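Next up: just one chain, as structure tokens, the form predicted alone.
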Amino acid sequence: MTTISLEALAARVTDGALIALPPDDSLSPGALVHALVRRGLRGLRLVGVPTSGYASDLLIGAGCAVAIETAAVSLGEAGTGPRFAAAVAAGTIRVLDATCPVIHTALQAAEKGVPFMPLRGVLGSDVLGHRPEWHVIANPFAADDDPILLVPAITPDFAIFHASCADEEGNVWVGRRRELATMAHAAKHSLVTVERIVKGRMLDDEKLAPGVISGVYVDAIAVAEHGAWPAGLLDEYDADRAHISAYAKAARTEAGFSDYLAQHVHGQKAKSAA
């Protein structure tokens, strides 16, 4: 597989797309999200798998996103995503309340090519009252009363994430973070940034193969060193918690967020071109 530039990778995403994003502790695509903001995309709908953080908060704050389905938008110890919270208060973002099991189940339905899947954990919760498209039915295989919840499949237009490496055939190693494989299988397209390209074919390595997403599910790859920043990446590097805390403080106000974008998002393009 031929790799492309980060900006070319971002150019494949279209206005109004449904985008699946992993949380900050699971291969978050910081560099690619910065590139999406620089493109000035509008009308994006986000899915946190099963939660989201910095990436979603940045897209919401930049005016790129109009809706998000997630269990939470959290910056960890730095608190709730400030731009997400501001958008909720202002009514400028549509929030589809969900739980972690629901999102995983809905993606698994898309992965399997079925329109819905059943689960139980949400029964009895207040979340049901906010999701009329979810349906509670009687278990057709039970002799006694046994309600079961059906949730529709989530089929993202794009799954985007960052990984440590891909091989020359486009196979991507995600280690034990197998929810990334579910994302890639469920989505129509997968766009991936990696730290590096390695020689050979990782699917032929018995130790690596269990943590590999086949290149069949990967549309395009860009090399972006430290591309998860400010999130961490597996055993490669830790999250930049000082930066995330500084972001959380700056993004409490629109002016602070604008200054952050100018310095750390739009300014990065100028630095890379220099």
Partner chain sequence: MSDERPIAIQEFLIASVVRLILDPNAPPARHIAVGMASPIPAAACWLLKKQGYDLRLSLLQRQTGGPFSEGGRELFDLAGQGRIDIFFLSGGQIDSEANINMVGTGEWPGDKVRFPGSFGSAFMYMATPRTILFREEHSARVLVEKVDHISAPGISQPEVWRRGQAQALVTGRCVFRFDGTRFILASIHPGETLESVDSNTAMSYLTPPNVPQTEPPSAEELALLRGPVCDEMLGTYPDFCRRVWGREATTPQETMFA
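Positions refer to the first chain, counted from 1. Quick caveat, the model's predicted, so the values are computed rather than measured.
Below, we refer to the form predicted in complex with the partner chain, which is not included among the displayed structures.
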| Which one, L233, A248, A31, V37, lies within 4.5 Å of the partner chain in the model of the complex by heavy atoms? | L233
| Pick from V66, I244, A209, V223: which has a non-hydrogen atom within 4.5 Å of the partner chain in the model of the complex? | A209
| Are any of the heavy atoms in A71 no more than 4.5 Å from a heavy atom of the partner chain in the model of the complex? | yes
| With the cut-off set at 4.5 Å between non-hydrogen atoms, does F161 touch the partner chain in the model of the complex? | no
| said: Can you work out whether D97 and the partner chain are in contact in the model of the complex, taking contact to mean some heavy atom pair no more than 4.5 Å apart? | reply: yes
| query | Heavy atoms within 4.5 Å of the partner chain in the model of the complex: does G215 have any? | reply | yes
| task | Using the arrangement in the model of the complex, list in sequence order the residues of 99 to 120 with any heavy atom within 4.5 angstroms of the partner chain. | result | T99, C100, P101, H104, Q108, A110, E111, K112, G113, L119, R120
